[in-house]
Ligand code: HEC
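As a starting point, one isolated chain is supplied in C-alpha cells, in the form predicted on its own.
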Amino acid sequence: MKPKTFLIESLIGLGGLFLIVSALGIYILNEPNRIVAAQNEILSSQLDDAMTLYAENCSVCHGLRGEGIGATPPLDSAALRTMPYDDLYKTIARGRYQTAMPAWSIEDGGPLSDYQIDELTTLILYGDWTKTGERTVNLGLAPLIPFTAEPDPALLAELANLPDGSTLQAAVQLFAANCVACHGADGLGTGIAPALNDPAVREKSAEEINRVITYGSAGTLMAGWSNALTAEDISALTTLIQRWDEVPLGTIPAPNVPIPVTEESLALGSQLFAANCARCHGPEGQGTPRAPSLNVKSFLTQTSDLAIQQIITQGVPGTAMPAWGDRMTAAEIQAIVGFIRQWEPTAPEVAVITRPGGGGPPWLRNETNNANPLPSTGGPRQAGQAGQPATQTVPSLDWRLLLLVGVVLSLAFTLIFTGLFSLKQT
C-alpha cells in the first residue's frame, strides 16, 4: 500500500472515530438531564394519581385544598413538607391511635395499596394543592359543608340576660367558628356528625363532654381540640351543650355555602346548561314563557348555591321543572350551579324574558355562553421551595439520532474520499 493511500484511509478512519466519540460524549453529557427528566415524569404521574386519591378519600376531613377542617390538621403545611418520608408513610398506612385518622393500608384493614400510600405521601411532600383542589371540584367531591357561620346578632345579645350569659355568648361564637361545619346549625347535626343540641347529650356529665371535646372520639371524625382551643374555650362549649335548651333556635343559622368552581367546571356547566336548560330558561338564563329567569339580581342574591343545587336535583313539584338528580351526577349539577352563579355580578335588576319570534325560539338558536375564566388563585409552588424538588429544563436531544447522524456522516466521508482517491489514481 502506498504511503499516500494509507494516510488518506487513516484520516477517514480517524474522522469516523471522532464523530462516534463525539456522539457518545454528547450522550454522556446529556445523561444527568435525561435522568432528571425521567424522574420528573414519574413524579408527575404519581402526583396526578395522588390528587384523585386525595379527592376520593381525604378531602372530606382535610379540606378542598389540604387546608384542614376544624381540628383536623392541614396537609398543605411547611412542617409536613420537611417531615421524613417514612414518618408520613407510616401515619397514612397505620393511622394515629385515639384520633380521627384511620389506617389506610390494606394490611391494617384499609382500602389503599402500598403504592397508593406512596403516591399520597409524595403529594404531601411535593404536591400542588391548588391543582389538587381543582381536581377535587372537577370530580364533584368538594366537601360542601359550612365551615363557619355568623350568629344572629339580636339573639346573641339576648343570651346576656341568662345566668352566666357571657359564657354562653362566647360559646355560641366558638361553635359558629369551629363546630358548625360538622354538627350543623344550632347544633342539630349533619350527615357527618351527630346533633349536640339533644336531650340525650345534655344528660351526659360535664366531665365526659369536656373529655370528648378535648381528646376527640376514637373511630369517628371527632378530633381532639386541645391543640386548637384553650381549656376555657372547651369549658364554655361544655356549658353550651348542657344548656342548649335555653338558647333560642336560629342563634347559629346555616350559612350560605358557595359551590367551588374551576375553569374546567365552568366550561362543563356552560355545555350542560346549553344542552339541557337553555331551551326553557333561555340561552343566557333570561327566562322564557316556559320557565322563569335565572339571570336576574333578585334570584341570584336571594337563592344560595345549595338551594339551586337542590332545585336542580329534586325539581319543583307542580311545575315543568323536572328532577335532574337521576340524570346527572353531583359533579355535573354543581357545574351548572357554578355556571349560573357566575352571572351574578352582571345580572340585571329586572328580567327581560325572551319570547319566540324573529329567528325562531331561543332554544333552537345556536347560542351559548362562554364560561368566564376564574381569576388565578395562585399557581404551583416554585422549584426550590421547602420540600419541592428543583425541575431542570431538559433539552430535546436524542442521543440515538446523534449517533445515527455520526455514522451516516462517517460513511459519507468514507465514500467521498474513496471516490476522490479512485479518480486520482485513474
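Here, rigid core means the biggest group of C-alpha atoms that superpose within 1.5 Å across both forms. Note that residue numbering follows the sequence shown and begins at 1. Keep in mind that what you see is a predicted model, and the values were worked out from it rather than measured.
Below: the form predicted in complex with the named molecule, not depicted.
- Within 4.5 Å of the named molecule in the predicted bound form, a heavy atom is found for none of 94, 271 and 341.
- Residues placing heavy atoms within 4.5 Å of the named molecule in the predicted bound form fall in a single listed stretch, namely 178-186, out of 178-186, 151-159, 344-352, 245-253.
- Although the partner is absent here, residue 109 is not a contact residue: none of its heavy atoms lies within 4.5 angstroms of the named molecule in the predicted bound form.
- Although the partner is absent here, residue 58 lies within 4.5 Å of the named molecule in the predicted bound form, judged by heavy atoms.
- Although the partner is absent here, residue 324 is a contact residue: one of its heavy atoms lies within 4.5 angstroms of the named molecule in the predicted bound form.
- In the predicted bound form, residue 281 approaches the named molecule with a heavy atom inside 4.5 Å.
- Scanning 311, 267, 331, 170 against the named molecule in the predicted bound form with a 4.5 Å heavy atom cut-off leaves one residue, 311.
- This chain appears without its partner; in the predicted bound form, the one residue of 257, 125, 101, 139 with a heavy atom within 4.5 Å of the named molecule is 101.
- Taking the named molecule as it sits in the predicted bound form, the stretch 201-218 comes within 4.5 angstroms of it through a non-hydrogen atom at 201, 204, 209, 212, 213, 217.
- Shown in the overlay between this form and the one not shown, fitted on the rigid core, is a CA shift at residue 110 of 2 Å or greater.
- If you fit the rigid core between this form and the one not shown, you'll see the Cα of residue 244 move by 2 angstroms or more.
- Annotation for residue 332: C-alpha shift under 2 angstroms between this form and the one not shown, rigid core superposed.
- With a change of no less than 3 Å, the CA-CA distance between residue 228 and residue 80 is larger in the predicted bound form than in the form shown.
- A decrease of at least 3 Å in the separation of the C-alpha atoms of residue 184 and residue 55 is found in the predicted bound form, compared with the displayed form.
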